[in-house]
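Next up is one chain by itself, shown in C-alpha cells, the form predicted on its own.
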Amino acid sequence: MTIHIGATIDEIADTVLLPGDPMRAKWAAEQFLTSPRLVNQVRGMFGYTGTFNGNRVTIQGSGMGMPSLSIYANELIRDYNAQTLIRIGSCGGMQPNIDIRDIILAQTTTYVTTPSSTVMKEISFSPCADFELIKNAHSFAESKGFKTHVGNIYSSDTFYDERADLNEQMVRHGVLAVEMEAAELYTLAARFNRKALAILTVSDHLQTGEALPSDEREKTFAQMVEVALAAAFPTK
C-alpha cells in the first residue's frame, strides 16, 4: 500500500490505464475487463484490476491536473512497478481540421510548467510517447475507421485559461489539442524508463465552441478504451 493507493503490490497489473475521472475508471473496468475487482478506493479515487483477453490490466483514476496525475503515476511506477501507463481522457481541439469525437494520440507534449520542471532546471525538456504504443494504437484506430490524429498537444495547468495570446500561438504552431496531464506522465515515464501514451477524445473545441453532450461522451469514450487496450495488447 501507498499513501494514495490502498492496493497490495500483487493487485496492480503491469499495464495501467489512467482516466482522470474515478467514475470512468469504474465504467471502463465494468465494460471492458473480465472479473474486475475494486483494489483501491482511497480518497474516492477508484482503481480496478481484471483481465483483457487473458492479460491483467489495472484501470486507476488519476484525478485532474498534473499534480494529481504525478502522485498516482509516481506511486504506480515506484511502489507497484507498473511498466506501461496509458492516459485515457478528454481534450479540447485546437486545429480547424479536428472535430468533436476525434481521437488524438499525443506524440509529444508542450507545457508551461509541470511538477517535474524544477528537476530539469534550465533545460527545456520535450517529453514524448512510446513509439510502439503509438504505432499499435494508430494501426488499430485506422483499422476501425476511427478518425485519428497524431502530433503535439498542450498540457495546461489551467482549466479556466485567460491567455488567448498563448492559445493563438499554440494553434499557429500546429498544436492539436489541450489537456491537463500528459506532459507529466511522459516525463515520469522517461525518468523511470517506462512506456507511456496519452489517448484523448476531443470533447470540445476551442475555436468553434462546440462541445460533446454528456450523454454521448460514454460511447465515444469506449472507442478510446478500445484503442488503449489494443495499443497495450496488439493482436498478433
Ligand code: HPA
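Numbers follow the displayed sequence, beginning with 1. The structure presented is a predicted model; accordingly, all values stated were derived computationally and were not measured.
Note that the form predicted in complex with this ligand isn't included here; everything after this is about it.
Could you spot which one of 189, 180, 33, 39 gets a heavy atom to within 4.5 Å of this ligand in the predicted complex?
Contact check passes for 180.
State the residue from 73, 153, 91, 86 whose non-hydrogen atoms include one within 4.5 Å of this ligand in the predicted complex.
Exactly one residue meets the criterion: 91.
Mark residue 131 yes when one of its heavy atoms lies within 4.5 Å of a heavy atom of this ligand in the predicted complex, and no otherwise.
Close contact is absent here: in the predicted complex, residue 131 is far from this ligand, nothing within 4.5 Å, heavy atoms only.
Residue 203, heavy atom within 4.5 angstroms of this ligand in the predicted complex:
Yes.
Among 40-48, 55-63, 172-180, 189-197, which stretch has residues whose heavy atoms lie within 4.5 Å of this ligand in the predicted complex?
Among the candidates, contact is made by 172-180.
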